[in-house]
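Okay, so here's just one chain, in structure tokens, the form predicted alone.
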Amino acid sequence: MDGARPVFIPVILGTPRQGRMSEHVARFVLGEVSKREGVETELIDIRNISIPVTDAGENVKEAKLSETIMRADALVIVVPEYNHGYPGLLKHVLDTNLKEYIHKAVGICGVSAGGFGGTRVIQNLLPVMRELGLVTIFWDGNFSSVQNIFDTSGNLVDQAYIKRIDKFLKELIWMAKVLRYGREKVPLE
């Protein structure tokens, strides 16, 4: 693998809601990814993606999003738990791409106001990730009681999350490198 080319890992903020606490999580994760040597990142906020809801898939594909996903070596999806599930708009946005995801790593950061840290939303997204052709890592980012993790300005107050996200990102970056090598060097027979 060409060591000079950075690994590209966008962070997807998976909810359009106003007052979303998951925005603090996405910005924290984005900041931690950007600290990694040899890694580039950017924030994809689904609130800012203009995709009609009157059709689906290739028919409503947004070119810039597709280009970004195609360039990506891995993704981080930051998603709040909505009554044990994931936001419908996130699913709609994800479904507009398919070939762009194949054999790329994905890590999921679940966000909740309760004590389970988005575990249920992560569990519900895992089969979706597989169907899209993404390869999930075995570490999750669980942000429990998110209202207590950040102050009102979005600054991290619980420093334990730095160590937790470090393990998550090490696994994601490793998997991104391995899968990129495979996509570029190992033919699918």
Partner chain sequence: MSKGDQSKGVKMICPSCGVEMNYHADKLDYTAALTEPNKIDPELGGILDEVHTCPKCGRTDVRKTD
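Positions refer to the first chain, counted from 1. Keep in mind that this is a model prediction, so the values were computed, not measured.
Not on display, but discussed next: the form predicted together with its partner chain.
Annotated contact segment (heavy atom within 4.5 Å of its partner chain in the predicted complex): 127-135, selected among 46-54, 127-135, 151-159, 23-31. Annotation: in the predicted complex, residues Pro10, Glu62 and Met175 none come within 4.5 Å of its partner chain through any heavy atom. Using a 4.5 angstroms limit between non-hydrogen atoms, Glu40 is distant from its partner chain in the predicted complex.
Shown alone here, Gly182 lies within 4.5 Å of its partner chain in the predicted complex, counting heavy atoms only.
Mapping the unseen interface onto this chain, Glu58 counts among the residues with a heavy atom inside 4.5 Å of its partner chain in the predicted complex. The closest non-hydrogen atom of His103 lies within 4.5 Å of its partner chain in the predicted complex. Residue Met70 is the only one in 65-83 with at least one heavy atom within 4.5 Å of its partner chain in the predicted complex.
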